[in-house]
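The form predicted on its own is given below as one chain in C-alpha cells.
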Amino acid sequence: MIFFEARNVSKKYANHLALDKVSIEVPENGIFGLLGPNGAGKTSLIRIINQITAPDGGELYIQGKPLGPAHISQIGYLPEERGLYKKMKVGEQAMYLAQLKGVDKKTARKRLMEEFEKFEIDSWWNRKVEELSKGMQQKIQFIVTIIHKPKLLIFDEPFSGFDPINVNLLKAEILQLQQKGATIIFSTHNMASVEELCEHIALINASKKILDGKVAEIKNSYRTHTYALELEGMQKNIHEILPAGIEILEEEKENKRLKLKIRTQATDDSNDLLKLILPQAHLLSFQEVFPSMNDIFIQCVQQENANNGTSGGLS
C-alpha cells in the first residue's frame, strides 16, 4: 500500500526550475531513500511535503487523500540545517517544542525523559543548549522530531556530525520507528546508509527524477557480471585456464590461496566458469559482486549530465 504519493510535482523559483514533474510513491511502513546531488531538488520536494512552500503544479497525497493542513500533525521533519534556541535550557526547549506539536505537558515530559535516557543526555536537562556539543544538540532535535509519534517521518541527512557509535544508535532508533508503524523518507548522500536502511529509492538530478524502484532490483539491473573467488591449491596459472573475454580485475596470492575478482561477458554462464576452475583448484568461496548504490548514483548522474550537456556536481 502507498502511504505518500507525489504526482508530477513542479516548482520554480524566479528563473530556476527546482522540480520538473517529479513523481514518487512511498510505500506504507517503508524506508524510502530520496537521493540526488546538491541542488537537485530534494529539499524543494521535502519543503512542499511539509507545506512550507506550495508546488506550482502537480498533486500530493497521504493515504489517498490530498495533502492539506490536517496532515501537518502527522509529519515529523528533521531538516539538514539544525536550529535550537541557544540560551534556553534543554528540557524547557524540548517541552516547548513537544507542546507545539500537540503533545500535552504531562505526556510530553514522560516521553521526553524516556528518550533523553535512551540517548544518554538526561543529565543535560537543565543545561543551556549553547553548552552542548553539536552531536548532543542533534540528538535533541531528533527527539523532538519524533516526540509526537508522527505517521510520516522525513530525515534530511540525519547522521551528519555524528560519530560512528551515535550513528549506529540513530540507525537502530530509525528501524525501531519503522517497526512501530512509521513511514520514513530518508534523504542522504551516504550511500552505505541507503543500502543498509532503504527498501526503495528515487534519484533526482537537475530537477528531474532519473531513477526509482526497489534497491535490490536496481542493483540487479546494473549488475556488471563481476565475481569474487577464493581458490586454494591452484595447479595451473589462472591466465591459462580462463578463456578470452574474461577480464581479471584483481589478483592476490597468499601462500597456497588465490583471490580473484573477474568480469565475464553478459552472455557467459557462471556455472561454465566454475567447470573450468574446479578441476584445477579447491574452491573456498564464490559470489557475484553487485555495484554499490554509490557506483550507481555516480553512473546515473554522470550519464544524465552527459546527455544534457551539463557538468553537474556530485557533492
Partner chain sequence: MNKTLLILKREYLTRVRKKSFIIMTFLGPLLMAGIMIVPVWLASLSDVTERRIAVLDETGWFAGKFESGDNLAFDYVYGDFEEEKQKVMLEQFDALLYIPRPELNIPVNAELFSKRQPAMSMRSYVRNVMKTEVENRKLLASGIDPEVIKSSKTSINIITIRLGEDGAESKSYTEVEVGLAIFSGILIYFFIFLFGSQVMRGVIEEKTSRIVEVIISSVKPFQLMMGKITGVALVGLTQFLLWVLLTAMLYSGFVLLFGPDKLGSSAEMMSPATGLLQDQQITESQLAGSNTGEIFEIIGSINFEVMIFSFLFYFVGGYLLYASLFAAIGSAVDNEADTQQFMLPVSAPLILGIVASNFVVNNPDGPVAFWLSIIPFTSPILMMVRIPFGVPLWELALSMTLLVAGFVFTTWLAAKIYRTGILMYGKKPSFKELLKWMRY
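Residue numbers count along the first chain shown, from 1. Computed from a predicted model, the values in this text were never measured in an experiment.
Only in words, not in the display: the form predicted together with the partner chain, which the text now covers.
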{"item": "Residue among 168, 99, 224, 176 with a heavy atom within 4.5 Å of the partner chain in the predicted complex", "value": "99"}
{"item": "Contacting member of 214, 134, 86, 149, with respect to the partner chain in the predicted complex [4.5 Å, heavy atom]", "value": "86"}
{"item": "Contact of residue 105 with the partner chain in the predicted complex (heavy atom, 4.5 Å)", "value": "yes"}
{"item": "Distance check, residue 92 to the partner chain in the predicted complex, heavy atom within 4.5 Å", "value": "yes"}
{"item": "Contact test in the predicted complex: residue 50 vs the partner chain, heavy atoms, 4.5 Å", "value": "yes"}
{"item": "Residue 72, heavy atom within 4.5 angstroms of the partner chain in the predicted complex", "value": "yes"}
{"item": "Heavy atom distance at most 4.5 Å to the partner chain in the predicted complex, all of 14, 77 and 81", "value": "yes"}
{"item": "Answer range among 264-272, 244-252, 42-50, 281-289 for contact with the partner chain, defined in the predicted complex as heavy atoms within 4.5 Å", "value": "42-50"}
